[in-house]
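Next up: a single chain in structure tokens, the form predicted alone.
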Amino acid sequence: MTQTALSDWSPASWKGKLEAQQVRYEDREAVQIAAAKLSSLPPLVTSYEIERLKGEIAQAQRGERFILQGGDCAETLADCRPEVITAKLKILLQMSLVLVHGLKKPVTRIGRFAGQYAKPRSSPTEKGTLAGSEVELPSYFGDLVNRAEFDPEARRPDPHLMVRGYQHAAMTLNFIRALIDGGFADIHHPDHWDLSFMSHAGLSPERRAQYEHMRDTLADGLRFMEALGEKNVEELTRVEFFTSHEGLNLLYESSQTRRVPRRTGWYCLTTHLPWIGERTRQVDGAHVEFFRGIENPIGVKIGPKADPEGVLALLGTLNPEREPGKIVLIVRMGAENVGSRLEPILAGVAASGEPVLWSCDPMHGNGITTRHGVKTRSVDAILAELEQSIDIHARVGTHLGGVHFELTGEDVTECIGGAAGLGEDDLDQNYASPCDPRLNYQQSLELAFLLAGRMRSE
């Protein structure tokens, strides 16, 4: 009997808990209409896909697989366009090919897409200028909640946006599945992938040549293994994409949570891997209450304020039966904190025997503001946190099984550093993110090479 069979849990039991980061809607009738509509619609993902991902996460926990998770900080409804979706798929594919080649193990690709429409904020309101006067309006919480324009009507939380978010997530997933079924991601023939991106992304000729050589070597190796009748080739060559998003808006998540035929328990069918954010992981809070009752694998963001006791309390609540593949701890300490804060947590969890996948999110702890007041991140700090994390895992005797990046397949200028030497004065060339700065195409692929090289030497 699973934890979800406990009589004190239901998809709505979270409503009796502390609701951190929950939206306050003015029109309660409209909320009920939107929730009922979501409950009546087909699921976005299937329980079979969820269980498959859980199995792959369990493999990564044992060191047999690696998890690459990445995508936008916050999707927008306007970006539900084929060129945007294709660009994100392409960079994740190319990064994963680098990792497959370097780590010599299968890589599971999990996109921050088809649902990453809600964004936590440090303050529920923000000040700005409207018609020449300073006013205070609700913060922008993502397109699932309100709109980004600094206008009273745009910032008013609108429950119908949950339905629109579902519709755009469904269209995104439909396009992704059509691309994959059509051979877009066939790793047997990576030479067919469109590499014109490399030319306009500013990638150095040396790095481009390295990638093309690696691509051809891997393709030849796969064909040779198949010729020998290797049984495990399919695991290396099968390309799937799973979805993930922060499960912030619990009205949205619970409206699509249901039982399915021939399985026990409840499944949240908005995404394969929902995660709980750093701001909402209180053991007695609404988010932990909701997520403790679903069968999905669950991500949990772990920041520098976390301690071993608190992490173990979370694990005991979210995974009391110690099910393999259930929990992904996504550590986001920051380069300045990871050296002192990560090791005690790793050691505490390892000593407890709790089965977890350790993933490094080197993005969220490394935000800085330029002298011009622009939010950015340093590629050097991102790499430093990754390298320190690998060293600390080696020292404790655990292993890093995944990474979590905010990235885009486009040529944005939002993070400083990298081989191209992007500086603070370059950020205004193409700063497109509505929230947090993302790695661009070149920076993402560069980090994949550096990560593969470093982990190959471990």
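Position 1 is the first residue in the sequence shown; the rest follow in order. Fair warning: this is a prediction, and the values are worked out from it, not measured in the lab.
Another form, the form predicted together with a small molecule, is not on view; read the next lines as being about it.
Using a 4.5 angstroms limit between non-hydrogen atoms, residue 112 touches the small molecule in the predicted complex. A residue is said to contact a partner when one of its heavy atoms sits within 4.5 Å of a partner heavy atom; residue 406 meets this definition for the small molecule in the predicted complex. Residue contact with the small molecule in the predicted complex: residue 325 places no heavy atom within 4.5 Å of it. Residue contact with the small molecule in the predicted complex: residue 75 places no heavy atom within 4.5 Å of it. Contact annotation: the small molecule lies within 4.5 Å of heavy atoms from the stretch 118-126 in the predicted complex, the single such stretch among 118-126, 161-169, 382-390, 349-357. The partner is absent here; in the predicted complex, the one residue of 343, 212, 278, 240 having a heavy atom within 4.5 Å of the small molecule is 278. Of the listed positions (101, 292, 88, 332), a single one reaches within 4.5 angstroms of the small molecule by any non-hydrogen atom in the predicted complex, namely 332.
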